[in-house]
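The chain that follows stands alone, in the form predicted on its own, written as structure tokens.
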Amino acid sequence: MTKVAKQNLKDKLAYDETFSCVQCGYCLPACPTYQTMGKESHSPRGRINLVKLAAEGKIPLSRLEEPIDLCLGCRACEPACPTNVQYGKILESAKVVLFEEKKEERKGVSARAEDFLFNHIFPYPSRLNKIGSSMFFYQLTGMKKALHATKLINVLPERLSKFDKITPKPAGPFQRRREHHLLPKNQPVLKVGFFPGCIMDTVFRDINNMSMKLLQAAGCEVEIVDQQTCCGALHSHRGDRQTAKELAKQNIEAFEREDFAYIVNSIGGCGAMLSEYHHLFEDDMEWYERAKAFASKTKDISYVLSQLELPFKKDVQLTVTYQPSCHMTNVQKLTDEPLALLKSIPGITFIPMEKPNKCCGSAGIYNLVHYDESMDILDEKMKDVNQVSVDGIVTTNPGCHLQMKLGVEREGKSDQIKVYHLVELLGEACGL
């Protein structure tokens, strides 16, 4: 029996929550991995049953590894569930136990590289800025273009070469400089703190900058506070709860120094993590209350802008569809506001997909670590996209953004369909 298994797994796993699942199967049509893999063990009810059996000592923890690892964490099963099963809590508890179980075994090159990335890169904005600048020069010098033209890029694993091709041009060293405090022309209607994230601010810094300008144009005083760091979502999703808690504490303390009406982000995945910070501290009442207060102020930019008046100045003549972020839909419960904003843009023609809430398969870094499985899910998503005739796909999350760009590329439609963040279209319509 393993080290973790010798302990009381019923306390470590969300065992009590598994009893809410009545195995009815309503989750099956909502689950992307069940739909593409066709295995009961890769469905929400199957995973829940495995967690229950592991907690009771009836199966080894190793039986959980593949089903839990291949779960996207999209939580589309939660709104489909008639008994309100807390699938997210069950999933995260399993990831924590499996991470602890395998912690001492993480000695390979890939494991060490992953640990270095998570612990020594993501939490440090200055280091990420240097990576962003390096990516800028990689594209500016023509090296990227040459590698793809000569096919030399194919020496890399397919997942890396494909994503390298569709990664947008990051901001350069001088473009990465920004004001950390923006004031509106008139008396501020709201004072908000802005959360730029880590990967988002590295690859999509222009979208973050546009987000701040939109908030300013709508009458907000906007501030990026010092000492904030990575939200910890990727750490939490891999089961490293301790690091996620440390990052959460740093962010909570950073934003507590100012009295903000909202803490705003333009990242569906990070926003979901920030809005559930209090779940990390259910065993620590002092931090739980502080985290809950922080979470209550955390809002996606679409929520905040939907309450304000944007100064639209020109039409945006595009026909678009919308790919919602799973974490915005299923965790933040934010569905109406981004759609209303999109439809309010002058000149926009909106055509919905038949199944817009179907996951695109991005799920943080799932599309990198489980590339083939992610592409199967993406191909299903693109079937929906292909049923509508549009010029663009609108997203609200960097992972979804890159995944949909890859989907368009795989369909050979890069010249016909562009992928936009909602903020980009709002900024264009406001003449920013």
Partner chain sequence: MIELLNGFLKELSHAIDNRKVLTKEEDRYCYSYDASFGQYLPDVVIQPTETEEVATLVKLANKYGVPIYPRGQGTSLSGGPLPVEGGAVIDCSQWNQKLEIYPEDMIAVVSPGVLTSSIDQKANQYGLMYAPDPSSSNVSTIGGNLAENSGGPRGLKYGVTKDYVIGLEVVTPEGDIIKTGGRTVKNVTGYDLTKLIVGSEGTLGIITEAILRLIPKPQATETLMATFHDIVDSGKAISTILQTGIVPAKMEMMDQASIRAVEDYQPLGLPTDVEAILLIELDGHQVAIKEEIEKVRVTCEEMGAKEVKVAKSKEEALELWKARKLVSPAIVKIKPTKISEDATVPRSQIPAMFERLKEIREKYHLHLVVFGHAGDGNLHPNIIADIRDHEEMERVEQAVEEIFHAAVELGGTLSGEHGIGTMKSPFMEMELGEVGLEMMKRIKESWDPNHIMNPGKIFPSPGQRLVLRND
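These numbers were taken from a predicted model, which means no experiment stands behind them. Positions refer to the first chain, counted from 1.
Form predicted together with its partner chain: not shown, discussed below.
- Residue in contact with its partner chain in the model of the complex (any heavy atom within 4.5 Å), chosen from 375, 50, 390, 365: 50.
- Highlighted residues 343, 347 and 350: none comes within 4.5 Å of its partner chain in the model of the complex, counting any heavy atom.
- Remark: of stretches 255-263, 327-335, 305-313, 76-84, the one touching its partner chain in the model of the complex is 76-84 (heavy atom within 4.5 Å).
- Proximity of residue 69 to its partner chain in the model of the complex: non-hydrogen atoms within 4.5 Å are absent; the residue sits far from the partner.
- Using a 4.5 angstroms limit between non-hydrogen atoms, residue 16 touches its partner chain in the model of the complex.
- Among heavy atoms of residue 28, some come within 4.5 Å of its partner chain in the model of the complex.
- Contact annotation for residue 383: none of its heavy atoms lies within 4.5 Å of its partner chain in the model of the complex.
- In the model of the complex, no residue of 319-341 lies within 4.5 Å of its partner chain by any heavy atom.
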